[in-house]
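A lone chain, given as structure tokens: the form predicted alone.
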Amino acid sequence: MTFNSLQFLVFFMVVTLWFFSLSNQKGRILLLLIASCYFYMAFIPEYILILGGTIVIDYFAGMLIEKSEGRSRKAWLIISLIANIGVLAVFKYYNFFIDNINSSFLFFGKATSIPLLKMALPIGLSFHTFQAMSYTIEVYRKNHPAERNFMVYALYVMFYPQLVAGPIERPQHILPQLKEFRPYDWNNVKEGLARMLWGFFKKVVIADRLAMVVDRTFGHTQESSSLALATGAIFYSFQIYCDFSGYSDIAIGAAKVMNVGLMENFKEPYSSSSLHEFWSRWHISLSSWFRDYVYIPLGGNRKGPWRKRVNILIVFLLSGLWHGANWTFIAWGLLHGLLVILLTRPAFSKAANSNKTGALIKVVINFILVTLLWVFFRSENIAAAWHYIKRIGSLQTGSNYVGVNKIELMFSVLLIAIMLYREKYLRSHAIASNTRFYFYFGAMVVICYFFGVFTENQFIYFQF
């Protein structure tokens, strides 16, 4: 089930009310684990077996890592990592690599064809796989003890609010919260529900409305004017932000209602004045994962400037590949890496910081760069992305129709402005007064109902 469905709203209410009716944490853990399994099985039921298999392996691997020393300790970690990465490799990347191998054979005149696997990608596979790897790595590093309670560990991986699209949590942050019994807290309920409503607003009112323009321009690149294509690219930047951060808001809010605090995943990323800053504000749980488990172990910036640049490229390459098995994602990641390296060189940094009054200009330039790179993320292939960008830059004439009329277009722009203002100046979701909360709750429900686009579009990051 998706968050933007009636089925989820019923599910959330039933689970939450049942959760607070239980007087001990053991019962709550069992309820949340069963509910999370049901939530996941609503997509493809049999894939629960894959998730369950990796949970069992990592649970025992964690205890064996903790009890072992030396080579055997590292061996158990490697077994755990191979199990998790192996699932990713088979379900997410096997067909991609085999298809490229087949194409290479064909290019050299050989008719060899390795068969592809006919299977759907388990939803949210990259998210819960990375969270599971965080656990065994942290146990290996002795930053957190192995979890002895199997149900608690299983819930750590399967906690339904963040199961399919994060945030990607660390064991030391989330496990203690799952084990602690916390009584009903009306302030947490108010803050959580307010956060959820803001997430629904960003998803169904803004993101799914912008999708109508984005789908039209990316689907009709050849006949669209440069202005229409630029509008589509800009709208996609805000669509993917409102879609993904909207999911994070709903996840954080749903967990908050049950007294569980999840990490923040976004901090006004489009206010960034550089790509380096952008990646400290966008999908923070993934950026910090790659920093802690890939960049720093590779040597980070400790082994000289050239090694640092190589490490940055490796991280962004893996980040692109993490997002999807397509050359567009690889190109998107590598281009980000190259630009981060280029634009953080001393000459560029000095030029960028020479005029303090140019802060807004730097933000705008950075937003344009991010938007152009998002074109690769959205396009079906690299050729289509490059064609889209070239048509924007060539100032081509053509159809200015973007899938909606001018009033709807201006309304979309207004909604984006409201969202940006709200997130910059009204960040807190805590509402002290009950009267104000009831008014906010009622107003947001009405706004989402009358202005929402209820096509039940799947969240973009579910595919990862």
Partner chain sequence: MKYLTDARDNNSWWGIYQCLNGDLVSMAYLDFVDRFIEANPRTFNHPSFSGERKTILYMDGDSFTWHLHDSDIIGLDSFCYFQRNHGLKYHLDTSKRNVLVIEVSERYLQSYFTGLQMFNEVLDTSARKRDVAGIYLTSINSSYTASLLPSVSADDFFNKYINQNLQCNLFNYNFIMPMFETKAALNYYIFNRASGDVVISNDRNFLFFRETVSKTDMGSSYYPVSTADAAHIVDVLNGIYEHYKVAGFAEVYFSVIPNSATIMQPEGYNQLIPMVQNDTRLRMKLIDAYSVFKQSHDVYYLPGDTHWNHKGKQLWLDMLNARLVRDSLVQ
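If you're wondering where the values come from, they're calculated on a predicted model, not measured in any experiment. Positions refer to the first chain, counted from 1.
Separately, the form predicted together with its partner chain exists; it is not shown, and the next lines address it.
Open item on the list: Please determine whether Ile407 contacts its partner chain in the model of the complex, using a 4.5 Å cut-off between heavy atoms.
Closed with: Flag for Ile407 set to yes.
Open item on the list: Just checking whether Met444 would be counted as a contact of its partner chain in the model of the complex - the rule being heavy atoms within 4.5 angstroms.
Closed with: Looking in the model of the complex, residue contacts with its partner chain do not include Met444, since no heavy atom lies within 4.5 Å.
TODO: Please run the contact check for Gly219 against its partner chain in the model of the complex: heavy atoms, 4.5 angstroms, yes or no?
DONE: Residue-level check for Gly219: yes, a contact with its partner chain.
Open item on the list: With the partner left out here, check for me: in the model of the complex, does some heavy atom of Met212 sit within 4.5 Å of its partner chain?
Closed with: Contact with its partner chain, yes.
Open item on the list: Which is the contacting stretch out of 424-432, 23-31, 407-415, 53-61, given heavy atoms within 4.5 Å of its partner chain in the model of the complex?
Closed with: Only one stretch qualifies here: 407-415.
- [ ] Scan 1-34 and note down the residues that get a heavy atom within 4.5 Å of its partner chain in the model of the complex; none is a fine answer too.
- [x] Sequence-ordered list: Ser5, Leu6, Gln7, Val10.
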